[in-house]
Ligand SMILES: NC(=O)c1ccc[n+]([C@@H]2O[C@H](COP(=O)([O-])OP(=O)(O)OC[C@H]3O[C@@H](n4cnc5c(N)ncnc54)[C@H](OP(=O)(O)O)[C@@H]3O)[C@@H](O)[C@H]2O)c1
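Just the one chain here, laid out as structure tokens, in the form predicted on its own.
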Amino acid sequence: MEWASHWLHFAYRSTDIFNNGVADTCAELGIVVTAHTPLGAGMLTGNIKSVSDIPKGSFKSFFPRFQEEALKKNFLLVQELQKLAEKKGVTAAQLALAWVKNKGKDGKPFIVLAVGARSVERVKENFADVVLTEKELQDIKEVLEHNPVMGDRFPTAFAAHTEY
């Protein structure tokens, strides 16, 4: 089996590999997908609600999805996902991570989560075993369809060197 890694960046915020053939090809070739920054660099935790929540000098301030107008729009997606998470009795981060893990089932490539944490409590939260029902997966799909992510993944000059 060939072991390589493809990077899926920002969980809900960059789902293109599931629609453009990359995930299917990875599954076919036995390539493991690494979900890098699956909580959207903190966005999907709900801790970043506005530009003022981004620490001065943070790399996030350079990314189009963290610019003021995009951030306002993207936080609407986070709020909708938080409602689903509350209904299930989990955090938005747990919901997001469970969704990413679920994308690695049913003939899709195996997905490894690359999640950061600054405390033991956050590590435990991130790796709680959250199982999503078909109804919950459908609800997430509908939220994603009605709340498209605004802003490019990377600044233009950087993206030219990272896109596949």
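Computed from a predicted structure; not experimentally measured. Residue indices: 1-based, along the sequence shown.
Only in words, not in the display: the form predicted in complex with the ligand, which the text now covers.
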Just to confirm, with a 4.5 Å cut-off on non-hydrogen atoms, which of 70, 117, 137, 54 contacts the ligand in the model of the complex? 117
Could you work out which of 61, 47, 133, 50 is the residue within 4.5 angstroms of the ligand in the model of the complex, going by heavy atoms? 47
May I ask you to state whether residue 41 is within 4.5 Å of the ligand in the model of the complex, using heavy atom distances? yes
Taking heavy atoms and a 4.5 Å cut-off, does residue 122 contact the ligand in the model of the complex? yes
I'd like to know whether residue 78 contacts the ligand in the model of the complex, with contact meaning heavy atoms within 4.5 angstroms. no
With the partner left out here, check for me: in the model of the complex, does some heavy atom of residue 108 sit within 4.5 Å of the ligand? no
